[in-house]
Structures are given as C-alpha cells and as structure tokens.
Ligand code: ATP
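Only one chain comes next, encoded as structure tokens, the form predicted on its own.
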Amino acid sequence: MKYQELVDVFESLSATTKRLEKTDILAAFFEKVDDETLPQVVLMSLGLVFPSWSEEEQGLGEKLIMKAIADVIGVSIADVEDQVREQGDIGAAAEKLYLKKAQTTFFSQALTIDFVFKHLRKIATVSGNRSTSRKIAIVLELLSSASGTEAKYITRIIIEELRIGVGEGIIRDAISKAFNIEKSVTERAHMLTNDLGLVAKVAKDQGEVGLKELSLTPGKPVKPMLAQLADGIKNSICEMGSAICEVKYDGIRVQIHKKGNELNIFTRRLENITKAIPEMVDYIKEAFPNEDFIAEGEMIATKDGKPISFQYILQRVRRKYNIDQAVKNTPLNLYLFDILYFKETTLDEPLYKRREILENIVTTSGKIHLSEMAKIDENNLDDAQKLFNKAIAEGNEGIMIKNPNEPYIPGIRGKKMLKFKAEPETLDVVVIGGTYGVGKRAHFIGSYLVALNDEEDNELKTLAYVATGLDDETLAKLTDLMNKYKVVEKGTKIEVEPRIILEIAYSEIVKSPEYQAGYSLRFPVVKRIREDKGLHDIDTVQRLKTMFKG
C-alpha cells in the first residue's frame, strides 16, 4: 500500500477537529488495510513506530533532520531554520520547501507504508562508529523519494509529533467501528496489552473472540490504575463500606516485570529504568520466587531512614553514567503494594486477594518492603486517621484509600482508589509557551503558559500563566528545556512542543474567558518538574470542571 494513501488520511484528519469524524476516517481506512500493514498504520497514526513502552528510539534531533531536508532540497540549513520559525513546525516547513523546489525532480520511487515504517525503525538499530551519519543516510533515502506532504509526516513521525489530533481513544473507537467490536472489549484488550497495533490485528483477524483471549504478558508494561482525590478519610471509607489504607510514599511508582530470567523495571510513563538501578534488580530477584510476575510498588530515596526529595530519585533513575557512584550516594528502597500477575494474571482478583498473594510470595529485606497498610471498616475508622498521621510524621505524602473488593483496572482513574494528602490537591499541566523575564532574570523564561487536555476533542486548552515557585536553578533548567523544545520565538514570547510537565499548586479555581479551558487558577505556584510523567498523564479540563463544582 502506498505511503501517500496514509498521508492522505493524515491530511483529512488534520482538516477536522471533530472526534467522530476522525473516528470515521480512520475506521474506513483500517477496513481496507491488509493484516500485515494494519499494526504499522495504527502506530504511525499515533506518530510512533515503536510502542510507547519500547526502549527503542530513533535518536535524531530536529537539527539533524533540518540538515537532511537541506541536503535533499539543495538549500542551506539556515533556510530550513527560517521556515521552521515561520511555520512553527518542522513538518510544515519541509512541505513548504518542497513546494518551492517543485520544479526539481528528485523522487526516485513511490514510497510504501511498509518501506517507510521499516526504514524509520531501522534508524533505532544503528549504533557504533559514524552512527549519526548512517542514521541521516536512512532519512535521506526516505526524503529523496518523498513528496512534500509525505516529507511533512515522515519528519513529524521521527520527532513523534504528528499533529493530527488523534490519540489512543480515537484509535480504539476506530478499531471498534471498523471491525464491529464492542468498545468495552477493544478498551479492555488495549488495557491488558498496551499495544494498539496488536489489538487492531486481532480485531481484524479474530474479532471479539480473539480480543477477549488477550491477556497480560510479563515484559510488556500496562498503564497503571490511577487514583482520584478523596474528599475526606472517613467519608471515603464509609462510602466504600470498608477499605485498605496504605501509606502514600513520595517516590516513583514502578511496575516490575519478570519473564524467565529477565527482569525489567518500568516507570508510570512506561520507561524502562532497569539499567539505572542495577542493585534493585538483585534485591527484587531475591525477594520473589523464581516465577514470572508483574508487581507494582513505590521506589523512594532515603537518608538516615527518612524519605528525601523526590528530585533525588529522579536523578537516580535517569542516570546513564557513573551508576556505581549513584548507587552509593542515593540508596533506594522499594515498597510493594500490588501484584498483577503471578504464574497467571491476577488482574481480575479483588484487591484483598491480590494483597494476600503478594504477602505470601514476597520475602522482605532492608531494601524490599510491603507498603504499610491497615484494613479499615466502620468499627476502626480512627485507625485510618492514625495511619495518616504516622505517614506524615515520617515524611510521607499521606495515605491511599482503596476498595478491597475491586479488580485492577489499568489506565483508569476512579473512586475505587483514592488519595488523601496533607497538602492541597495539585494539578499536572503541560507547558506550551512562555515569556522571558525582566531585569536580572531577563535571560530566563520567567513565566510559563500551561495547558490541560480536553478529552472531548483531544486538544490542549490553555489554563494559566505560572511564574512563582521557581528558584534560579529551576529557572535555568526550564529555560534550557524550553529552548530544546522551541517551535516559535517572537520578541520575548516563545512557543514550545508540549513536552514539559509541571505540578502546580494554586489557591482557587476560577472561571475565565481569557483561557481556552474556560477556567484559570488564582496564585498558581510551580511545585516541581514532573520528569516521571508524560503528556498522557496531565490533568484534563473535565477533571478541572469537577474540582470547580466540588
């Protein structure tokens, strides 16, 4: 199948903001794509060539892609940079430059979807001597055979910024529509496999029966079950009838997978951090029986037996060099709280049963612990408050309140799992722009335009500017990140790709026509940069509305 056919679909998707129209366009295309090409099409429609949890990456920045575009078209890199600034997007810049050079014929062959997909994947396999120039050669081969619109989307897929307004939800709905599958069945299959390409292929080949047979596979991470904010300890427990309350540790949530002799540790963003924390691999293997399993826990950094700043553990798990020194300087502890797979899936078991399994199989040590918990009902409600007080006194965030009779539901935020913290609730937002400061901070970006995700139309909606809570070190780091992801800079203002996630506190949510979300925040303050979270983790306009009403 010609790549231009997929590009035509991308153009149609870009031309509408309506979710149902996007779903119909994709469904119609999925129906006519062959079995082998369908998983490729699904991934590329998300702007990817590897699943989001894969360690594989193409490793090419925009500067190198600009050089490739310049070489193919026969212009200077400065010309490409000018177009990127003017268009605000490297893909649109490539298309514009191709049009200017339309009189020059440099297309050698018609690209196919399979050819483009495999060559983009091939980039990730290149390593060793002259790896950068060899990667560029692959890009040049693609761009030399591409039309302007094909070049637009090839470059965007390389940087994983497709800009067609399609997320996983639309893809799931399109799969359901194309192959006449109940949405709930498609959604569950995606939850269990975290692989929409596989879901699409099975839906096409085997229908609902095949999708219902898909299950968890150790080694392939799933999105974590998420918590809502509790409006109070006693009220929440009484509403559930009974609860398992656990200490909420201030660390990084991890998902641990063992398959055969291989053990991998993933963050909540499904990033593989195993190589950065080799000592924990040994501790975990000693703690568990020699069986395949998937477990969840919170990894924290400690000093003198007490938790230390969240930023220290971020530095640990992102470390690529001098690992041995980092192991000595920042010791880690793991607090386990759930088991999703042990010899077979335990996902559908109620929480109390999963906890029993976890307690029966884990051998604790000085580094591996079970989360501190209490079983609470109407007869011992005060014990939940005591656990909360103890958690805060020991430097933790608060407590989790979980319904003991509920299964584990990947990727879903609901009232089956609640969090209650000492500090007021915060919001996770994404930075999309900013403004340079004045005076001694004129070389820093001092104010940041942040946004939430609108689930109804799958778009980012502006919420507020935030400029407080930032010391010089954080400002320098954020300014470097803003320049790294810069799309357009005009005067003192800058627009960036939606890559930087901030956790912000505020005094009040207020209605505001000034921002696209329809709401804004009074006195927003940056609490920290959330390098452990990605764009899919940010809060939504819908949740903000619920919080405002509450």
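Each residue number is its position in the shown sequence, starting from 1. The shown structure was predicted, so the numbers you read here are calculated from the model rather than taken from an experiment.
There is also a form predicted together with adenosine-5'-triphosphate; it is not shown, and the following applies to it.
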Would you kindly say which of 369, 275, 268, 390 lies with a heavy atom within 4.5 Å of adenosine-5'-triphosphate in the predicted bound form?
-> 268
Which one, 441, 375, 96, 421, lies within 4.5 Å of adenosine-5'-triphosphate in the predicted bound form by heavy atoms?
-> 421
Classify residue 337 as contacting or not contacting adenosine-5'-triphosphate in the predicted bound form by the rule of any non-hydrogen atom within 4.5 angstroms, answering yes or no.
-> yes
4.5 angstroms heavy atom contact with adenosine-5'-triphosphate in the predicted bound form for residue 257 = no
Might residue 19 be said to contact adenosine-5'-triphosphate in the predicted bound form, defining contact as any heavy atom within 4.5 Å?
-> no
Residue contact check: residue 527 to adenosine-5'-triphosphate in the predicted bound form, 4.5 Å heavy atom = no
Pick the stretch from 432-440, 164-172, 219-227, 287-295 whose residues have a heavy atom within 4.5 Å of adenosine-5'-triphosphate in the predicted bound form.
-> 219-227
Taking heavy atoms and a 4.5 Å limit, what residues of 392-417 are near adenosine-5'-triphosphate in the predicted bound form?
-> 397, 400, 402, 413, 417
